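Here you get one chain, nothing else, as structure tokens; it is the form predicted alone.
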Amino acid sequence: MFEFPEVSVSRYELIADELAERGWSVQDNLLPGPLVQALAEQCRALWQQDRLTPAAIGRGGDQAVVPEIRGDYTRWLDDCPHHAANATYLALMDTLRGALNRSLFLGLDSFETHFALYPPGAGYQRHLDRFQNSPLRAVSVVAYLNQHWQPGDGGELRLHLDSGVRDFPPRAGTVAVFASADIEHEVLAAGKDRASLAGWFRRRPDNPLLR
């Protein structure tokens, strides 16, 4: 059984401050090692069992699988078998959601997330996470699960910023948080299997028909 990971208040405050100042924050070693290991093992077990599916681009009837643009395989966390590590991770994200709401008054209402595994050679071309016809995704969160990741293994998160391009290796325990509508980003081609949890804090829709 996993205990709730202890993350100091200062880490949450730093994320909120950096989001307010520049729209993004990348925190090394935010997730504790045992939690990362359990999540990584689950992601790779799903991959080996053929329970991850090719990710699509677009929305609704416009969805299409285009590996040249997006090459990861995914499974929503709420569609996975019950696992204590999943509940622990979701509890951590709920604490982060509360901290961002208190500091930035974002009105974040819910969180959705999925495992994402990029096999060797796969990446994800430059994009924004918010859909053009829906404003609900507000803050993106990517948690990396790759133990022993080395320089040259590829798979970096590339942020396209006003100040230039910044690359971040997908090392285990690192968490990237950024404004879904504002920060264009991409996943560089991975040299070996690259595992993560990709998710979004969503605002409550003012219009109940808006999804």
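For every residue, the number given is its place in the sequence shown, counted from 1. Predicted, not measured: the structure shown is a model, and the values here were computed from it.
Keep in mind that the form predicted together with ligand OGA is not shown, yet the notes after this line are about it.
Heavy atoms of residue 127 reach within 4.5 Å of ligand OGA in the predicted complex, making it an interface residue. In the predicted complex, ligand OGA sits within 4.5 Å of a heavy atom belonging to residue 118. Although the partner is absent here, residue 198 sits close enough that one of its heavy atoms falls within 4.5 Å of ligand OGA in the predicted complex. Residue 35 falls outside the set of residues with a heavy atom inside 4.5 Å of ligand OGA in the predicted complex. For the residues 31, 157, 52, 40, the 4.5 Å heavy atom test against ligand OGA in the predicted complex is passed only by 157. In the predicted complex, the residues of 142-159 lying within 4.5 Å of ligand OGA by at least one heavy atom are, in order, 142, 144, 157.
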